[in-house]
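The chain below stands alone and is given as structure tokens, in the form predicted alone.
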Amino acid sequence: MLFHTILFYLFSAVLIGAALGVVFARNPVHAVMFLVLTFFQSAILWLMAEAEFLAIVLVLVYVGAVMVLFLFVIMMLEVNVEAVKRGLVRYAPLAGAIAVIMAAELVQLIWLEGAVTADGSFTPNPEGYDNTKALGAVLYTEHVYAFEIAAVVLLLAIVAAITLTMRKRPNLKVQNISKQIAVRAKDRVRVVKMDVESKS
């Protein structure tokens, strides 16, 4: 298990470095790229903990969708990087306290609750264990009402977003598909014949 432990600390170091890159990067696009690397390293650590479903969901949902959305928003909006950096020092004590609390909770979860064995590796799952199947069995039995409520809330959010987008606004240019199809080339293009001019 020595190689397993070495890989864990190696990936954890890359994860911490990428997280620091998110905070201290001057370019917002670079910060998003560091955040993608952070999520990817977290997915690798979940794979090492035999949580394949969470790792795949993290890569597909956050890296594949949310981060692309963040990147588009950052590139389309004019982000005042200097104003954001000035607020970094002001919120640094609060962020440090939250980080210490999270680290203490992780240590308690891993070391005090017996999530790792004596040699420092994660407790192996029994033969034939499938965490995706176990998660689905719990999600659709014990927490089925909470799952349905979350689905309804997400549906309402989608409907609200579409309603806000499709509201009538002045000077809004919209497409008229029937007019685009019915257009004729002679109405849009005019060929002009000109005499050839000779150089004297």
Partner chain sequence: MKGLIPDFALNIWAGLPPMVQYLVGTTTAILIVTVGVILTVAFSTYFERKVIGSMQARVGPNRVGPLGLGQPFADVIKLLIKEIVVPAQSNKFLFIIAPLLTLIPALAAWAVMPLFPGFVIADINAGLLYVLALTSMGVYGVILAGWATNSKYAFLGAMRSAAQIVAYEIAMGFALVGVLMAGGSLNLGDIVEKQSGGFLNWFLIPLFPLFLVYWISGVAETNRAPFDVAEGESEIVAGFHVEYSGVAFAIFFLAEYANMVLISALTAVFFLGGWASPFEGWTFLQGTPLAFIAAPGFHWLFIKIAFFMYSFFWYRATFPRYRYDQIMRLGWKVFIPVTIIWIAVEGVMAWMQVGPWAGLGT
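By rigid core we mean the largest C-alpha set that fits within 1.5 Å across both forms. Residue numbers count along the first chain shown, from 1. This one's a predicted model, so the numbers in the text were calculated from it and none came from an experiment.
If you look for the form predicted together with the partner chain, you will not find it shown, but the lines that follow are about it.
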- Query: Which of V189, I181, A13, V23 has a heavy atom within 4.5 Å of the partner chain in the predicted bound form?
  - Reply: I181
- Task: With heavy atoms only and a cut-off of 4.5 Å, decide whether Y91 touches the partner chain in the predicted bound form.
- Result: no
- Task: Determine whether any heavy atom of V36 comes within 4.5 Å of a heavy atom of the partner chain in the predicted bound form, and answer yes or no.
- Result: yes
- Query: Hey, in the predicted bound form, is V63 touching the partner chain, heavy atoms inside 4.5 Å?
  - Reply: yes
- Determine whether any heavy atom of T141 comes within 4.5 Å of a heavy atom of the partner chain in the predicted bound form, and answer yes or no. no
- Query: Within 4.5 Å of the partner chain in the predicted bound form, do F147, A151 and L164 each have at least one heavy atom?
  - Reply: no
- Item | Stretch 129-150 - residues with a heavy atom within 4.5 Å of the partner chain in the predicted bound form | Y129, D130, T132
- Task: Take the rigid core as the frame of reference and indicate whether the C-alpha of I181 shifts by 2 Å or more between this form and the one not shown.
- Result: yes
